[in-house]
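Only one chain comes next, encoded as structure tokens, the form predicted alone.
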């Protein structure tokens, strides 16, 4: 299994255009600290990749990853489609930047996410004159993603994006935990397993089992501790109240990941997170626990 990290930042990226916090100021002064919106590419065959989540800087991420460059034909592209973990703007706006696709854009999403994008953002209506969206239902049962990978979704949260708060559900549907999911990737030919969960509002037992079985885990590292949003002045709510389990603390994710056999990396870092500074002492604490922060454009082979 081959994974390409395309971005590791939370909403707004690093730096965020209207923010002068230490993290954003540091990224402006030191370009190597810049981070694009959290995203991942998964190779499913030679010259065939799926992108997990599509942020507003998706095409810039593609240009920064040579394996995703077009060719050999004039409009041949190895980017087969998009897999979504949720319906948040930071993970879906990039779909519109794929409007030049000649034969449509394949999109894997849970039913609530698809409903939000079609009826809240009206993506189907907007992109229809340019290229069709070809929907694939993402669910808990493993399904083939290309020729080499099996994909399934582990429901995590019923948190809707703000634009979908008042959106009525489709007939016969109910609100459920599949508004945000963790993705489980399995390569039967090698037995390799990976978990990708950039937004975690809860940590169910099924997720704990999945990370214990995985060879690589990339998880939500939005905030270092629960009080970070309040302490830095970006929100009156704690990290947990915003739908993100913190890394540190008694209810943090670090202690859940410490000691598991697979490689564990944090992604989706907010600009206030001290881990955006490569010299921050928090990196040393993570290293001592056997954990790390995902780097921009890193390649992971399992």
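Numbering follows the first chain given and starts at 1. Please read all numbers here as calculations on a predicted model, not as lab measurements.
Although not depicted, the form predicted together with a small molecule is the subject of the following passage.
Does the 4.5 Å heavy atom contact test between residue 242 and the small molecule in the predicted complex come out positive? Contact check for residue 242: yes, within 4.5 Å of the small molecule in the predicted complex.
Does the 4.5 Å heavy atom contact test between residue 165 and the small molecule in the predicted complex come out positive? Contact check for residue 165: no, nothing within 4.5 Å of the small molecule in the predicted complex.
Report yes if any heavy atom of residue 88 sits within 4.5 Å of a heavy atom of the small molecule in the predicted complex; otherwise report no. Residue 88 belongs to the contact set for the small molecule.
Residue contact check: residue 136 to the small molecule in the predicted complex, 4.5 Å heavy atom: Judged by the heavy-atom cut-off of 4.5 Å, residue 136 is well away from the small molecule in the predicted complex.
Any idea which of 137-145, 88-96, 224-232, 68-76 reaches within 4.5 Å of the small molecule in the predicted complex, heavy atoms considered? Every other range fails; the passing one is 88-96.
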